[in-house]
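To begin, one chain is listed below as C-alpha cells, in the form predicted alone.
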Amino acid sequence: MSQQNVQNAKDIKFSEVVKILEAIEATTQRTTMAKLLAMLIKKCPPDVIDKVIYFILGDLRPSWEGVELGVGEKLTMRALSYATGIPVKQIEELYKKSGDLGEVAKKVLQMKQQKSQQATILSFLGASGSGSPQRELTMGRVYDTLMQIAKATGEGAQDTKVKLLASLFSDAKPEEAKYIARFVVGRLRLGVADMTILDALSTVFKVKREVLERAYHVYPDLGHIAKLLATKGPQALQEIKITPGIPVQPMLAERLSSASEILSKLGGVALCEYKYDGERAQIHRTRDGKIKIFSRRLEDITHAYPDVVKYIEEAVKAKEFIIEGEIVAYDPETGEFKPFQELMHRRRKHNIAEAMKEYPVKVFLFEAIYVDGQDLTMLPLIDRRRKLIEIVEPTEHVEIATWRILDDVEELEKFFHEAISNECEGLVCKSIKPDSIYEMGARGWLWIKYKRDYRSELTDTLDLVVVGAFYGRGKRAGTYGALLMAAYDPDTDMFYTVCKVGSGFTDEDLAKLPQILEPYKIPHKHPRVVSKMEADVWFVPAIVLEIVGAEITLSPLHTCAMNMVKPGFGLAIRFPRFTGRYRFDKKPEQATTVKEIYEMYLRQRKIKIVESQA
C-alpha cells in the first residue's frame, strides 16, 4: 500500500508504530517512554488511534471485555512456517535457543528474505501470480486481522487463525514480525503503564491530568478515551458516565495499626465492617437484566461464578445496578470460611460445575455505586449504605457485610477480635463524614484497613511486586533462588525495591515461577523500577506476591522510601518470606505502597521506643 493510500484510508504505517516500540523497548527512562508515546499519538489518524493504544497495551480490547486471540506458541510457529517456507521443526529449535518468539519471527523473516521463497508463500495463501510485491502493513490492517483471528470459532477455526496470521507475517518486515509474534503470544514486554499513556494523552490533547484520570476511572478503556479526544476534543470527556456493564476503578484503603489511630483519623466515629478473606467483586446488572462480575483487576470473571449470578438475581431487588462485595469460599457443613487461595480454584475455565461443588461461596456486599439510573459515588457513605440495604433482601448466600458504627476504642478493638475469630482478616473502617464519597481508583483515608498490630515483628502481610530475580545455586540451580520485590508509589507511578525474598517457596513454587514470570522477562531494568541492586533477570512489573517479614529496617541497598527517614537510606523488609499466596487478583498498581511501608516503619519505631521505656 502506497503512502498516499495510507493517508486516504486514514491509517498509519505499521513500520512507524514499530519504530516507536523499538525505542520504548530500548529506554530505561519512564519520562522518555511518555515522550515517545506522545510522538506516536500525534502521528495517529483518529480512525486508528484506539487500535494503536490497544496494541501498545498488549490487548485487542480493554481487559474487561475478555477478547482473546486463542493463538498459542504452536499455532504462531505454524503461521511463521507457512509464511516463510521454513519448517516448523527448525522454528521450534530456534525458539528453544532464544526463548523469545518475537526474535524468532524476526530471524525467520530475515531467512525468508535471503532464500526468496515468496512464490511458495503466495501460492499457499491463494494470491494470484508468483512474485507479486508485498503489501505494506498498516496499523489498521494488523489490528483488524488480529480481531478476525480472535473471532474465528467453530470447526476449522485453528486453520483460519493460522492462515490469517500467516497473511500478516507474509507481508511483514522482520522488525514488524517481531512485535506481531510477541503480541499474539501475550509477551509484548513493553510494560507501558496506563498512567504513562494518560501522561502522553494529556500532553498531546492539552487536557489536565486529573480530568483524564476521572474519565479513565469511570470508563477504563484508554483506546476509547483516546478516540474521543481525537474525534471530538477534550469536551467529549464530559459525555463519559458510569454505565452498568462497564467496570469502574475500585476505591482502595490505607492502613493503620491501632483502633485509636483509626478513630482519630476518621473524626472519632467510623463505619466498621468485617474484612473477609475472599475475592473482591464488582457486580453489575445491565439494563437488559444481564449480571456481570468483575474482579479487582477489572477482568470479567462471571464465567467462574454462575452460582453468584443466580444468588444476586434472587437477592438484589433493583433493575440496574453496580454493587460491590466479597466472594468468600466456605464449608457448608461447618459454616467456616476457607482461605482466599482455595477460592482461586474457581478461576479455572473448565469444570466450573465441579469447582462450584468443591468450593461453594457466599457473597458479602458492602457498597452501592449505581442503582436504577442514579450515580451514587458523590453521596456520603451512609446514604450509599442505606441504598444498599434498601435493595438487598438477604438470603442464605447473599448478605450485607457484618458492620457497626463505632466511636469507642475498646468497642472497636472488641469488634476487630470478633472479626478475627470469625476467620476474617480484620476490619475495614470507613469515614461517615459528609465528604465520604466513593473515590474511584483512589487510595485514601476515607477507608482504612485494620488487620493486626505492628509490634516488634511485622505480623501483617504485604503485597509486593516481582521486578527481578537472582539465579539459584545448589539445590536451586536451574531456577530462581530469590526474587527482587518492590512497593508501588502512585505519586511517581514507579516501583521501589524493598526486599530480596528466597524463603517460603515450595519445590512446586520454584518449578513454576520461571514459567509464570517468563512472559514478563526483559533484557534490562524496567523504566518504572528504581533499584540499586543489579538482578540477574529483570521483569516488567506485573506479578504480585504476598510477603511477610520480621520487621521493617533501614537499608542503604533498597530504594523504598529512600531519604525519607535518613539520607542515603531506604526501607527494607527484614527476613522476608513468601506466604504461598499469589495475588493474581491484584494489578501491580494495587500493591502495597511506599507510603504504607513508611508509615508502618514509623509506627513500629514508636512502639519499640515505648516498649524500651516500659
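Quick note: we count residues from 1 along the sequence shown, nothing fancier. Just so it is clear, the structure is predicted and the values come from calculations on it, not from any experiment.
The same protein has a further form, the form predicted together with a small molecule, not shown here; the description that follows concerns it.
With the partner left out here, the small molecule still marks one of 249-257, 461-469, 224-232, 160-168 in the predicted bound form; by a 4.5 Å heavy atom cut-off that stretch is 249-257.
Shown alone here, residue 366 lies within 4.5 Å of the small molecule in the predicted bound form, counting heavy atoms only. In the predicted bound form, the small molecule sits within 4.5 Å of a heavy atom of residue 443.
Heavy atoms of residue 299 never reach within 4.5 Å of the small molecule in the predicted bound form, leaving it off the interface. Contact annotation for residue 100: none of its heavy atoms lies within 4.5 Å of the small molecule in the predicted bound form.
Put simply, of 539, 488, 179, 274 only one has a heavy atom within 4.5 Å of the small molecule in the predicted bound form, and it is 274. Checking 139, 291, 401, 192 for any heavy atom within 4.5 Å of the small molecule in the predicted bound form turns up a single hit: 401.
Within 4.5 Å of the small molecule in the predicted bound form, a heavy atom is found for none of 54, 59 and 151.
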